[in-house]
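Just the one chain here, the form predicted alone, laid out as structure tokens.
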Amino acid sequence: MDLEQLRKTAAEVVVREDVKYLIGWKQGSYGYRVAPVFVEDASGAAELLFSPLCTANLATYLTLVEKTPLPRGQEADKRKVALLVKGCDSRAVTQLIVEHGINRDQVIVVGCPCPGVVDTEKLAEKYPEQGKPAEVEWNGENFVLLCDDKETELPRDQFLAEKCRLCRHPNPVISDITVGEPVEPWTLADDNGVEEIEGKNLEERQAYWEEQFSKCIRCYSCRNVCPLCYCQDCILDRLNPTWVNRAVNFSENTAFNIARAFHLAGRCIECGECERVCPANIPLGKLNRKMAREVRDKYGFEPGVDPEAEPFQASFKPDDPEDFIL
């Protein structure tokens, strides 16, 4: 990725009169941290970064910023928002358009073909974070860690994030401007996480998920970071009627996590953000990828790839065999 070209493109976009700001990534305050940044003028584009550390899906901010109703006396700013996206991020934008969560003409998508990001937890285990910021770059098939004036080769197969091993769309599926050359899609790895669960019998699955969901502290990080969990009135927050109690125990935790998984069926774009931010390290990716696989295999539907598509749960096929109906 040519950072100078990215920054130049961003500067040209953000000075347009019809653009409010551009959302991208910048260097964090320490270690392997990369932070979201809202660029409002051309000079701010100099902060922008795109590297294997840019794991966060910025599409979440499209539905988080300036929610209605606005404060009294304040009028809505109708200018467009520009957004840097990787392949998985662009699927989130596409799915939001499909669901009318955002309007296509209100967002400028700046696509960044992605050779894959690192798993920062694995990286920190092998090379503990320091007080000052570190950098990671792509180097052919591998990564390079730049820290303390040293370059350390990072083998791709050891440090590539799980979501990238399974990624079917490393290039943006929707883009108004693309910076950089498209990357060659790689051979997908087997989804060992889902296969591990599928290989268990019913009792073993129950025991596995009881152990996992019992760790949940109901912090709602998974919901808050998810670009497709954007309902202003979440059913899981309602107290009248109460669908899920706020008590933190296995029963309520299970209801919460299973409700989210089903709500995301046919909508999850498998960006892995829920699992990345979970402080209890619950393998939410396995659950969501299992649901996504069922939707693909049984219905031939993949969300976030066609902005003209109908939402999965609003679609109908006359030739659906419906073998599951008794």
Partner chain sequence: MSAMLLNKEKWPEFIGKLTGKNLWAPKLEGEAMRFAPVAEDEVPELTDGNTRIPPKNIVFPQTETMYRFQLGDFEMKEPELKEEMILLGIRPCDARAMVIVDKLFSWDVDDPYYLKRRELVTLVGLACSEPGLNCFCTSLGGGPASTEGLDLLMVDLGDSYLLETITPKGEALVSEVSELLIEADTEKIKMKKKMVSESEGKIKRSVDHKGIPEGLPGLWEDPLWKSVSASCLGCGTCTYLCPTCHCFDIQDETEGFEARRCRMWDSCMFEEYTLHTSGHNPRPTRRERTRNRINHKYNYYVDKFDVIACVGCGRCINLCPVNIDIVEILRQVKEAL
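All values reported here derive from a predicted model rather than from experimental measurement. Residue numbers count along the first chain shown, from 1.
The same protein also has a form predicted in complex with its partner chain, omitted here; what follows describes it.
- Think of it this way: in the predicted bound form, its partner chain has a heavy atom of just one of 237, 141, 151, 137 within 4.5 Å, and the residue is 237.
- Scanning 99, 176, 129, 77 against its partner chain in the predicted bound form with a 4.5 Å heavy atom cut-off leaves one residue, 129.
- Exactly one of the stretches 103-111, 87-95, 245-253, 165-173 approaches its partner chain in the predicted bound form with heavy atoms within 4.5 Å, and it is 245-253.
- Though the partner is left out of this view, residue 40 does reach within 4.5 Å of its partner chain in the predicted bound form, counting heavy atoms only.
- Residue contact with its partner chain in the predicted bound form: residue 46 places no heavy atom within 4.5 Å of it.
- Although the partner is absent from this view, residue 34 contacts its partner chain in the predicted bound form, with a non-hydrogen atom inside 4.5 angstroms.
- Its partner chain in the predicted bound form comes within 4.5 Å of a heavy atom belonging to residue 280.
- Residues of 212-245 placing a heavy atom within 4.5 Å of its partner chain in the predicted bound form, in sequence order: 215, 217, 218, 219, 220, 221, 224, 225, 237, 239, 245.
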